[in-house]
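Just the one chain here, laid out as structure tokens, in the form predicted on its own.
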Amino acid sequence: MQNFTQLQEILSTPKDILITSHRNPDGDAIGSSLALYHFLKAHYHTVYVSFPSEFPDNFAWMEGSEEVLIYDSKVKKVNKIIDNVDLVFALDFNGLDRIDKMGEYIAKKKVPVAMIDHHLDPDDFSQYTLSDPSASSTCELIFDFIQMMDKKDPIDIKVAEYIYTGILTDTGSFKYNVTPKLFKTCAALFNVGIDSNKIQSLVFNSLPKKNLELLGYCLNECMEIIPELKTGIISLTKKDYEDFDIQRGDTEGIVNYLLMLKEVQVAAFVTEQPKIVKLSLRSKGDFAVNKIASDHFKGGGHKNAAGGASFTGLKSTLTKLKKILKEEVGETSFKSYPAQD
């Protein structure tokens, strides 16, 4: 970690600290933020957590989630906190533009920033940096950071649960970005006493009825398979959002259903938002969807899981995506995995 000794010295005495993560926070953003929140509080720091926008209800079971400040609705309160904190932890994002107006205010106030993140090509905005694109998740890096900070004390069970939650969700239940090191980390979390079945149930088995109705609609009405490109696409319009009252987090994981099809190697979930079109891309094997996201849709991510955005409307975005896929996927020889007996 860049400048770790100085950061360790800063944190050796009680400080006022703000933890933040990206807009539309997912399990890794929430898990890493609340894990670090409880770790720092246990070491006598005054800690606040703020996200630019709301987070999905299936993460509300985490202790401390009720205290999270949503910047969109608490601008003045969060800005006042930024005015007075000694340090900001930036988790699971690699540029201040990912937290919108809050990022602009942090830059304006020149508050010291410690970034912990696993995305490629971080911007130069932090004084203390733990960046590792080979990590499965920011939660994996939070575990590493805690071990660096305090090797003697056993990790708290709440902290362990929240770290595991972020790992579980960001790896797609251990489908992506898994390494021997990751499983060693998970083994350490299990040794603390986490209950994987309980966490999986809290995260994945607490959906409202409308989410299953939405999933059925996506698979039955909105799914397009392009056999020659080994690609599957699901797209949703603004009207679909209104009809199903889709809120933040309601579409989480839908893209992964496309990869359940044997013939699909690349999956895209494209949604028409009020001002932009968002893309969520997934792949099997060696095909790198993060290259498509970064080169064509102002996004990024990991080889098998990435995202981006378009400002040209849903129809033209889909046309552009298919053209790109024809160029990129058409020449690709996909690695096949034989069925197991």
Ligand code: 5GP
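This is a predicted model, so every value here is computed, not measured. Residue numbers run from 1 along the displayed sequence.
Below, we refer to the form predicted together with the ligand, which is not included among the displayed structures.
- Put simply, His119 is close to the ligand in the predicted bound form: some heavy atom of it is within 4.5 Å.
- The closest non-hydrogen atom of Ala305 lies within 4.5 Å of the ligand in the predicted bound form.
- A residue is said to contact a partner when one of its heavy atoms sits within 4.5 Å of a partner heavy atom; Ser50 fails this definition for the ligand in the predicted bound form, lying far away.
- Mapping the unseen interface onto this chain, Gly301 counts among the residues with a heavy atom inside 4.5 Å of the ligand in the predicted bound form.
- Considering the ligand in the predicted bound form, the lone stretch of 280-288, 29-37, 66-74, 53-61 in range is 280-288 [heavy atom distance within 4.5 Å].
- Contacts between stretch 95-114 and the ligand, counted in the predicted bound form as any heavy atom lying within 4.5 Å, involve Arg98 alone.
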